[in-house]
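Given next, in structure tokens, is a single chain: the form predicted alone.
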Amino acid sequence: MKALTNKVKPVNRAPMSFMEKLYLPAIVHGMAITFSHIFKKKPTINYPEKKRPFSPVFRGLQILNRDEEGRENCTACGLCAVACPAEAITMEAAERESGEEHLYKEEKYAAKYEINMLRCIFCGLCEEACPKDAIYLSETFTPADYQRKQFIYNKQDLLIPHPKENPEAYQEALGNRANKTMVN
């Protein structure tokens, strides 16, 4: 019989020695490994009390951005939906009415904006495709849930807090992104 790979090893069928039959060296070796782990640093983090540091390029939950006046940046151009390889983003555009200048930056805005987080692969292509810096991936986890419908986020779930009405929550939602824009 010819072997398909060169990784074939013949099985050693030699009888066990007296020490091997006792299994005592193997047990002592296993206990030494177990005992050595007592003195090592624990990799577990108590999550609600402590949060582990993330990489600077961590991609978390998507956020729809606002400008300093609190107006939405999204113009419903659809480039993020086109760039999404998982087809997780759906949107509908609408025209801004007179008197809504304080709500929307441009004449066109996203009346409906949804992201299906069960499809999202957190690739960041939606962020790169957006010409208005309207969407970005934050430093927040997608929360766990037991129902599928809870993973479809609409526009109100994704919008960043209003910068004038809730400045602390706005700065927290920006995260390290605020520091990056100050440096640039």
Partner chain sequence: MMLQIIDLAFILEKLILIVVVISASLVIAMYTTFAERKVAAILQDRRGPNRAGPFGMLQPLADGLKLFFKEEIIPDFSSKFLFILGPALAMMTAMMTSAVIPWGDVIEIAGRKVSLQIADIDVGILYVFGVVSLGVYGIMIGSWASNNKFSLLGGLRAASQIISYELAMGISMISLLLITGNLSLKQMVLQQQHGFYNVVYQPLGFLIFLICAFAECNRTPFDLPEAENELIGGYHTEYSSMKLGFFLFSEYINMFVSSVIMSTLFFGGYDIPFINEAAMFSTNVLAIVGVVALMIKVAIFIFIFMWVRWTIPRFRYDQLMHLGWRILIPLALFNMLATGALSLWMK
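Residue numbers count along the first chain shown, from 1. Every value quoted in this text rests on a predicted model; they were computed, and no experiment measured them. C-alpha atoms forming the largest set that superposes within 1.5 Å between two forms make up the rigid core.
Although not depicted, the form predicted in complex with the partner chain is the subject of the following passage.
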Using heavy atoms only and a 4.5 Å cut-off, determine which of V57, A144, M31, L118 is in contact with the partner chain in the predicted bound form.
M31
Quick one: in the predicted bound form, does every one of S98, E101 and C123 get a heavy atom within 4.5 Å of the partner chain?
no
Find out whether any non-hydrogen atom of N46 is located within 4.5 angstroms of the partner chain in the predicted bound form, and reply yes or no.
yes
Hey, in the predicted bound form, does K51 get a heavy atom within 4.5 angstroms of the partner chain?
no
Using 4.5 Å between non-hydrogen atoms, is L24 touching the partner chain in the predicted bound form?
yes
Would you please decide whether H37 lies within 4.5 angstroms of the partner chain in the predicted bound form, comparing each non-hydrogen atom pair?
yes
Taking the partner as it appears in the predicted bound form, which of 38-46, 127-135, 62-70, 148-156 has residues with heavy atoms within 4.5 Å of the partner chain?
38-46
With a threshold of 2 Å on the C-alpha, tell me if K42 counts as moved between the shown form and the other one once the core is superposed.
yes
Classify G30 as shifted (yes) or not shifted (no) between the shown form and the other one, where shifted means its C-alpha moves by 2 Å or more with the rigid core superposed.
yes
Given a superposition on the rigid core, I'd like a yes or no on whether K164 shifts its C-alpha by 2 Å or more between the shown form and the other one.
no
